[in-house]
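The chain below stands alone and is given as structure tokens, in the form predicted alone.
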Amino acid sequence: MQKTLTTTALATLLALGATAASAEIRIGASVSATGPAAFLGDPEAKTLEMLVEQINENGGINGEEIALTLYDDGGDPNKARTFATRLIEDDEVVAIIGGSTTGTSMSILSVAEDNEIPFISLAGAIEIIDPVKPFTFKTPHTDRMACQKIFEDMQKRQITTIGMISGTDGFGASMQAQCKDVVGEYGITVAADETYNPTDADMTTQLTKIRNTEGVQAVLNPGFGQGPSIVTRNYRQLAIDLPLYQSHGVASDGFIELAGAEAAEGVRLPGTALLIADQLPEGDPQKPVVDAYKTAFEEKTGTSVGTFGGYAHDAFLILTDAITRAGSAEPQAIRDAIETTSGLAGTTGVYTMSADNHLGLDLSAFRMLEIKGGEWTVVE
């Protein structure tokens, strides 16, 4: 039998719905859960979903549950822009987390800034937060910082002349430019400078040119995705007997699997505490949060924890900490509270932000790592 709601009953339900809606904090996300950047976006999406579930099970924030609206932009900047607009105009979120890549982050931040909605990026390029934009923050170290950490290590090894082979994608091109901008500060010269497209399946031609360049003592590969794993395999196939450095853009077990443990042996790169969770000493300020996230993620997903999911973890941590301290879910109040984040330990580092620093990390947050026997080890 069909039932018809009375006007009074319908009004009551609508009132209850309005009360329920007002008792939740709406957060949006757009990540690259599928497509060429899925190795970034998939663990980010799973992390955000897990953390929202955890916080709601524990009563939410100040008694209000988190409602997460998550879109998969597939790594397409145009889709990311569309989803950012939808999150703000239709879903009425108070903050956005996402932008797995530099390209998607730049699209999202333009919409977020126009609408004065806090945005925490999960991508690496320095231009996301430099110059500082009022409503944009990010969790990964910048590409410039990665260059500096790598050059510090090269300096210790008395390396003065290098070759570079960089991806032409947004991340690779940005890091290439940043490295070339700071390399002179470390007394290092770039004697060979090659590039490859993200779809290239072989880089032996470029690597051969670098190998044949007089004086080259090491090679640096700014890039992310499959490119660096191909570079690493080709490097070993050519039997180039020089130190090979990769970027934080491939700081995950997936890189070792794609490149092959034998080819990746000896590769160095700047990474996060997550990759060496079992090696962190007691008393390390990151150890409790790293251990907690690693345990929860691996139990929830059945897969290994990695750097990229950690970026999403830290973004959610920064956002929820800000909302808690602000005592408000208004975008301006959230923005102001994020900017005063201080001494907040995440998986990527300990964050202290300010009006002129919307990242809040320094070089000490990076760990210089080397692959040995298919495992991550700390360079002493």
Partner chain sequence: MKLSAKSSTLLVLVVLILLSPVLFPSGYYYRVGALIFVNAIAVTGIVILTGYAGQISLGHAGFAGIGAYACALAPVHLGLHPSLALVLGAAISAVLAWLVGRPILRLKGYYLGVATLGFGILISMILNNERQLTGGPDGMEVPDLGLRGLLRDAGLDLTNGQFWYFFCGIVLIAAAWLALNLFNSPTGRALRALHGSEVAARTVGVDVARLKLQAFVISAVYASVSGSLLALQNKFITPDVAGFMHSIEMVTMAVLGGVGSVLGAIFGAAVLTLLPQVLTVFAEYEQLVLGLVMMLVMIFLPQGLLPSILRKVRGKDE
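No experiment lies behind these values; they were computed from the predicted model shown. Residue numbers count along the first chain shown, from 1. Rigid core (definition): largest C-alpha set, two forms, superposition within 1.5 Å.
The protein also exists as the form predicted in complex with its partner chain; that form is not presented, and the subsequent description refers to it.
A.B. asks: The chain here is shown without its partner chain. Which stretch in 273-281, 228-236, 244-252, 108-116 comes within 4.5 angstroms of it in the model of the complex, by heavy atom distance?
C.D. replies: Within 4.5 Å of the partner lies stretch 108-116.
A.B. asks: Can you work out whether residue 174 and its partner chain are in contact in the model of the complex, taking contact to mean some heavy atom pair no more than 4.5 Å apart?
C.D. replies: Output for residue 174 is yes: heavy atoms within 4.5 Å of its partner chain.
A.B. asks: Classify residue 71 as contacting or not contacting its partner chain in the model of the complex by the rule of any non-hydrogen atom within 4.5 angstroms, answering yes or no.
C.D. replies: Residue-level check for residue 71: yes, a contact with its partner chain.
A.B. asks: Look up in the model of the complex whether residue 102 has a non-hydrogen atom within 4.5 angstroms of its partner chain, and give yes or no.
C.D. replies: Answer yes; at least one heavy atom of residue 102 falls within 4.5 Å of its partner chain in the model of the complex.
A.B. asks: Residue-level question: is residue 299 within 4.5 Å of its partner chain in the model of the complex, judged on heavy atoms?
C.D. replies: Residue 299 lies outside the contact set for its partner chain.
A.B. asks: Just one of 135, 308, 83, 293 has a heavy atom within 4.5 angstroms of its partner chain in the model of the complex, so which one?
C.D. replies: By the 4.5 Å heavy-atom cutoff, the listed residue in contact is 83.
A.B. asks: Considering its partner chain in the model of the complex, which of 202, 257, 262, 89 comes within 4.5 Å of it through any heavy atom?
C.D. replies: Selected residue: 89.
A.B. asks: After core superposition, I'd like to know whether residue 170 moves between the shown form and the other one (criterion: C-alpha shift of 2 angstroms or more).
C.D. replies: It does, since the residue 170 C-alpha is displaced 2 Å or more between the shown form and the other one after the core fit.
A.B. asks: Compare the position of the CA of residue 200 between the shown form and the other one after a rigid core fit and state whether the shift reaches 2 Å.
C.D. replies: After core superposition, the C-alpha of residue 200 moves 2 Å or more between the shown form and the other one.
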